[in-house]
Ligand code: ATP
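The chain below stands alone and is given in structure tokens; this is the form predicted alone.
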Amino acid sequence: MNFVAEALNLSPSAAKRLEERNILRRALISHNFFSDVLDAFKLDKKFGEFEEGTVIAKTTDGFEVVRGYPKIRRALTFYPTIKRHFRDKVVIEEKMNGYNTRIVLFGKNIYAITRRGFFCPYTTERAREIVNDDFFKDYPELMLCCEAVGSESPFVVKDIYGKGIDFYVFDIREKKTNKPMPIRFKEYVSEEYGFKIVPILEICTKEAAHVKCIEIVKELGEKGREGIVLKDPEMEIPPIKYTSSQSNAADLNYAFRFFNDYGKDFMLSRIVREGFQSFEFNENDEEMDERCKRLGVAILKPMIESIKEVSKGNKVVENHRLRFKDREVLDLFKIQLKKMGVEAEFSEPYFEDGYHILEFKRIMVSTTDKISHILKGNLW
């Protein structure tokens, strides 16, 4: 705990109080897979200048602070929001739908840290296979902020990005300060070290950006993509994000399949987004009716499916399939899920094409229990 106090410039007793208040929690499971990390804690809430998800690690080289990824504010309209927010040029990047991962170098190995600050064994193993660690030897003070996407995701399963899992760099930042590097630096290192970066769709003036953004969002929505992030080329202004109608509907579809686990948090903000988008896109009656139908189906259909599933005596679950090179890492990941509070039913792993395959069902306990309770004649 002393290294945490030193890293955060606190007294040992103040650091201990953070732990007692569950603001500071352990971030990894001790295992030789994490051999360069002797101990690590994460912030479960913002504390002072330190973002939620900030990691404080005691490593074989001393201690390190890896700042949490800052929240990106959302635009509900393109005009006049872009005109007020940006100075001149605007970079329009695709917003990919996966899970936020920070990749860093500690000691001799790279590590993948989730948005909430966990050292994820599965993501770390895949990052060590895919990501060129020469970058960190040249830039040890930086971290890669990536979207981990694909069908083999433990958190956000999306087939539209292909089979397996891959990493797309959307930001490069200083670990200790969170200072972002300019867009041109991200493009340079992606070329130099063979990284995939999120697609840069357009660079234009802020005066032209709102028209271009509407065109791009419509195109992305038709392809089932999530949306866009708007950035200053020098990264001196905080980015803003915007999602397509189809993505909002997909989120609602997911949330209401597991309505008692996620529904309340998802509903209002996404419906409000749809209202402003319909207005700004100047939709006619037919387009507006189609939007209303899309949202209604997204909310009701998955909920009805869950009710039918529980009525048959089944649980409401989410299915996952992951590949591991090392069987020990597979077992470590199962322990990690339990520490994260995830209840799951695991199949017996099997070996296929050089990988240990783990299939599991994530059980949505709250939704299952709520439906079962109501179906027994109890009141809401």
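All residue numbers refer to positions in the sequence shown, first residue = 1. The shown structure was predicted, so the numbers you read here are calculated from the model rather than taken from an experiment.
Missing here is the form predicted together with ligand ATP; even so, the following discussion is about that form.
Using a 4.5 Å cutoff between non-hydrogen atoms, Arg116 does not count as a contact of ligand ATP in the predicted bound form. When contacts are judged by a 4.5 Å heavy atom cut-off, Ser247 does not count as touching ligand ATP in the predicted bound form. Within 4.5 Å of any heavy atom of ligand ATP in the predicted bound form lies no heavy atom of Ile160. In the predicted bound form, ligand ATP lies farther than 4.5 Å from every heavy atom of Ser153.
Listed residues Phe195, Phe258, Phe86, Phe170 were compared with ligand ATP in the predicted bound form; Phe170 is the one with a heavy atom within 4.5 Å. When you look in the predicted bound form, the only residue of Lys71, Arg128, Lys179, Lys218 with a non-hydrogen atom within 4.5 Å of ligand ATP is Lys71. Contact annotation: ligand ATP lies within 4.5 Å of heavy atoms from the stretch 96 to 104 in the predicted bound form, the single such stretch among 129 to 137, 206 to 214, 96 to 104, 282 to 290.
Residues of 211 to 240 that come within 4.5 Å of ligand ATP in the predicted bound form, judged by any heavy atom, are Glu226, Val229, Lys231 in sequence order.
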